[in-house]
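The chain below stands alone and is given in C-alpha cells; this is the form predicted alone.
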C-alpha cells in the first residue's frame, strides 16, 4: 500500500519499540491515552532481536552441547555435533515468538503501530518517513513524546563493520557456520559472552583488550573468576593492546594491535568481532526541532520522571544513559507513561540489578564495599564460596561466590555481588531485599530450600553477621 503525506494526531508519540518504548506505549494505552508507536526496524528493539534474547538463546544452546561433551567426570561420554545454522534458526524462532507477542500486546492495548523512521519537525510535530520507494511519509502531531531509540554498536576506526570479516555483535549472533578462529576486540560483557560461546563451539578465540583485565567496572575478584574459567576453556587473552588495523591474509585476516610502548602485535583469524561498547541513537531524530540537544556523549539527560529538558518530551532506555539495561528501559518506560497520564511515578535507581551471562554468570545489585564506604556507611561484608554449597557441587560447579554488603550500624543490606551458575536469577532475591530495605538478618533468617544455590545467599548474609554454619565466619 502506498502511503501519501497525511497528518494525524496522538496524545503520546513513542519513538522506538524496544523494551523501553513498547512498555511505555502499552502502559500509556492501559491508562487510556491515545498512543502511536513508531518503529523503523523490528518490534522489540535490539534486546529482543539482536541482543539479550538471541545471545542468551545461543548461550543456552551452546552450554547444552558443551556440558554434554564435558561430563566424563560424571560418567557421561558424548561427542556432540553442532549445526550452527540450525541453532541460529531455533534462536530466530524464539525471537519471532517474542516480537510477535510484543506486537499483539501493543494492539490489545489500543496502541497505533506505525512502521518508519521518526524525526521531529517542530515542538509538537514529528515526520514519519516510511521505508521503501514510494511509501511516502506522514506527519504526526503529539501532546507528549517518548524517545526510546536505543543504541548501536561502537565502531573502532579502521574496523568498520562489513558483516563478513569485521563483525558487530548483531552479525556474530547470526553466523551460519562456526569460524575456525576469531579475534575479539574488547573484553567487556558482550565480548566475554560471545568469546565464551564461540570457544565452546570449537572456535579458537583470541581476545585483545586495551585495559589490564576483563569486565571493566566489576571488582577484581569477580572478573578473575570469569577470566580464569574462559582461559580454562581455551580463550587466549592479550591485555594492554589497542586494535590498530587489519588486512586480508590468505583465507582470513590479520589484526594488528599496539601497546602503550608502541609495540605492534599481530593476530591471525578467520573473523574479527568488535565489541567495545554501544552508543545512543540520537542523531536521527532532528532533536533541535523540538528544542533538545544531547550531551557530549550523545545521551539525553532526564530527571526522576524520565523527563528531558523539554517539558513534554521524555527519554527512556539507552538514549537516557547508564545503566544501559533492558529492564531499566522498561522501568523508565512505565514511569514516563504514568507521568504523562498524570499518575504519581518516579525512578528509583538504587536497586537495579545487573547480570552478565558469562560462564559463570555475574549478578550484582546496589553497592560494593568500596561504594558503601565512599557513601559514608560502615560496610560489613559476608561471603560464601560456591565450593561449600551442596547444590553447586552436584552441578559440578565450584568457582564463584555470593557476597553481600551491609551497613554495620543499621544492619541494612546495601548491595551484593554474585558469581555463580544462575547468578542472574539468584540476584533477584537480593534486589528485592535492597529495594524493601531488608536487613542482613532478614535474609539470613529466611529458610532457603535445600539443596539449592540460593542457600549461598542466606549463608552469605549469616556470614556477615558472624553466624554462618557451612563456612568459617569472618
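From a predicted model like this one, the values you see are computed outputs, not experimental measurements. Residue numbers count along the first chain shown, from 1.
Beyond the structure shown, there is the form predicted in complex with another copy of the chain, which is absent from this document and is the topic of what follows.
Heavy atoms within 4.5 Å of another copy of the chain in the predicted complex belong, among the stretches 78 to 86, 175 to 183, 250 to 258, 231 to 239, to residues of 78 to 86. Proximity to another copy of the chain in the predicted complex holds for all of 30, 354 and 451, with the criterion being a heavy atom within 4.5 Å. Only one of 113, 341, 105, 324 lies close to another copy of the chain in the predicted complex, with a heavy atom inside 4.5 Å, and it is 105. The single contact residue among 225, 287, 98, 156, judged by any heavy atom lying within 4.5 Å of another copy of the chain in the predicted complex, is 98. The closest heavy atom approach of residue 429 to another copy of the chain in the predicted complex falls within 4.5 Å. Although the partner is absent here, residue 433 lies within 4.5 Å of another copy of the chain in the predicted complex, judged by heavy atoms. Residue contact check for residue 40: none of its heavy atoms lie within 4.5 Å of another copy of the chain in the predicted complex.
Although the partner is absent from this view, residue 220 stays clear of another copy of the chain in the predicted complex, with no non-hydrogen atom inside 4.5 angstroms. Shown here without another copy of the chain, the chain has 331, 334, 349 in 328 to 350 lying with a heavy atom within 4.5 Å of that partner in the predicted complex.
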